[in-house]
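Each of two forms of one protein chain follows alone as structure tokens, named structure 1 and structure 2.
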Structure 1
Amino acid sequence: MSLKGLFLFVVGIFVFGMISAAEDIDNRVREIAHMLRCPTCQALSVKESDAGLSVNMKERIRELLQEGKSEEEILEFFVERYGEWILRSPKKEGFSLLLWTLPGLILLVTVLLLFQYLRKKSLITSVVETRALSEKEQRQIDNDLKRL
């Protein structure tokens, strides 16, 4: 291999590495931006929004990633500035934990109450005794059957 070929090979690997690193950062920016709520749009994440503030937030995420900040540090950065509401999926602690678990608890209690109700109802129907027919009732049935 010539010196020129070796030089092109090394430059190609360097450029490929830079492109790969840029794509990795772009993917991480999209992932983190998807976790944040757009402050100016309704029901959109920062990733989905093209509002000026969202564009600035995506650039800030990119800068923080290039500084070596972790995902948690970046999310905390935005929580400090905008409050907990900026997170599309609030932290599962404190009152938020109750809100996360409440639907499951309601479902569990409902299933238990339904089970108890059905069990009690089946016990009541099994306790009801059937009595034998009186002679008059038996004769009535026999007469009705003969007529058929």
Structure 2
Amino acid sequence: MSLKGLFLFVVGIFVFGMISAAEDIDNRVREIAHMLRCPTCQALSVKESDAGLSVNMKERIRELLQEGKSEEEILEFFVERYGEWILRSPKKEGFSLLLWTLPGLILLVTVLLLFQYLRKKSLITSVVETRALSEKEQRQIDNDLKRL
């Protein structure tokens, strides 16, 4: 019971802490600005930066959204002007495909190799095990041990 109580408590907090964000234009500007790298303070995103250029960019994103442009179109607008450098997460094409796919590929391959290896090993051991002690033998051993 105490376990369940504890869990309900944690889950309750969990649920209570989450209030969905409204999809207003300010948030959409932030979402897009978060995908762009600030040219002035390069470790930050445009969203996080208060540098003059970033402020201008945010304003431009807002204008473009009001013109009815989609997120992809707006990102493309900046890529055209600044190059792919401006994207904080490279496009999934060309050379960058190597970036996006290799980690998953490695994970997949190693896990497959591991499973193959383990299956081979467990087959060997299961063969060994079936030939292992029968009940009679076990009793024999137990008796021997007692005698000792």
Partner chain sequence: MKRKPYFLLGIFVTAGLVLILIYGLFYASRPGEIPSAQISQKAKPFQATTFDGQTISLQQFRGQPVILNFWASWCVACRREAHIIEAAYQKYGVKGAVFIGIAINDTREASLGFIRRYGKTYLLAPDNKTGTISLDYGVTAVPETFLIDKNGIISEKVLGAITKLKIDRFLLNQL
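In this text, rigid core is short for the largest set of C-alphas that superpose within 1.5 Å between two forms. These numbers come from a predicted model, not from an experiment. For residue numbers, the reference is structure 1: its sequence is counted from 1.
Q: Two forms of the same chain here; which is the form predicted on its own?
A: Here the form predicted on its own corresponds to structure 1.
Q: Give me the C-alpha shift of residue 117 between the two structures, core superposed, in Å.
A: For residue 117, the C-alpha ends up 10.4 Å from its position in the other form.
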